[in-house]
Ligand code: COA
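To begin, one chain is listed below as structure tokens, in the form predicted alone.
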């Protein structure tokens, strides 16, 4: 994988490209990333005008947080034009909805290459269809090839519920197997994995519980639909102080001269391997990025 600086994605807020008031507030928000949305949050009659706003939205933007564009599905009447327009803005990423197979990402990558989008423009993939779940292994494997641009999966839980008819419960019990499969596939492909949205932004206690559960399942962060959800997501997906302290101990122990080249060492009465060192370094990089 690349040696790019770590960027936290604890809280990733959808903002409709058609909502000027919400767009104006982005700079004041504490979310890690923003997804400028051309898809679900924009009515069909407003799709073209929303796309035409992209250049202005990205003009002179700060690089302090990631800015992503979610386009309409490439199979839709707006998708291809959305993709070209987004590429010209050179966002940090372009989120593709309704991804079913690896080919969907490869074809989008070809369009970016043909339009001379720099390598810094990554692809994010919504995992929100039955076909995506059945093909998730091969899709995730693209993450091991930098030429594919794929860097992140996003759970599209609302669409999965709608398509499959599975019962939506507060504890998401019937979604959990699919969510865990997404996390497993993302890790196999070296990708970040973001949890789906919580629709009731007024029930912040329930949202906080969902964030805690998502973090426990291994998600890197959560997609949000309202700024009121940012604080809970940032807290739940940030490394705990004790975990940071333990990670420092692991890193410092492996740095000792007597442990140079060792694959396994003893630390505080337990065996610690180099895989634990890699985990510790990733956690410390996340903590440092959040602190910065």
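Here the structure is a predicted model, which means the values were calculated and not measured. Numbering follows the first chain given and starts at 1.
Unshown form predicted in complex with this ligand; subsequent notes refer to it.
In the model of the complex, no heavy atom of residue 270 sits within 4.5 Å of this ligand.
At least one heavy atom of residue 29 is located within 4.5 Å of this ligand in the model of the complex. Interface membership of residue 226, defined by any non-hydrogen atom within 4.5 Å of this ligand in the model of the complex, is confirmed. Interface residue remark: residue 202 is counted as part of the site for this ligand in the model of the complex, having a heavy atom within 4.5 Å. None of 233 to 241, 34 to 42, 54 to 62, 247 to 255 except one has non-hydrogen atoms within 4.5 angstroms of this ligand in the model of the complex; the exception is 34 to 42. Residue in contact with this ligand in the model of the complex (any heavy atom within 4.5 Å), chosen from 197, 142, 112, 123: 197. Of all the residues from 257 to 272, none has a non-hydrogen atom no more than 4.5 Å from this ligand in the model of the complex.
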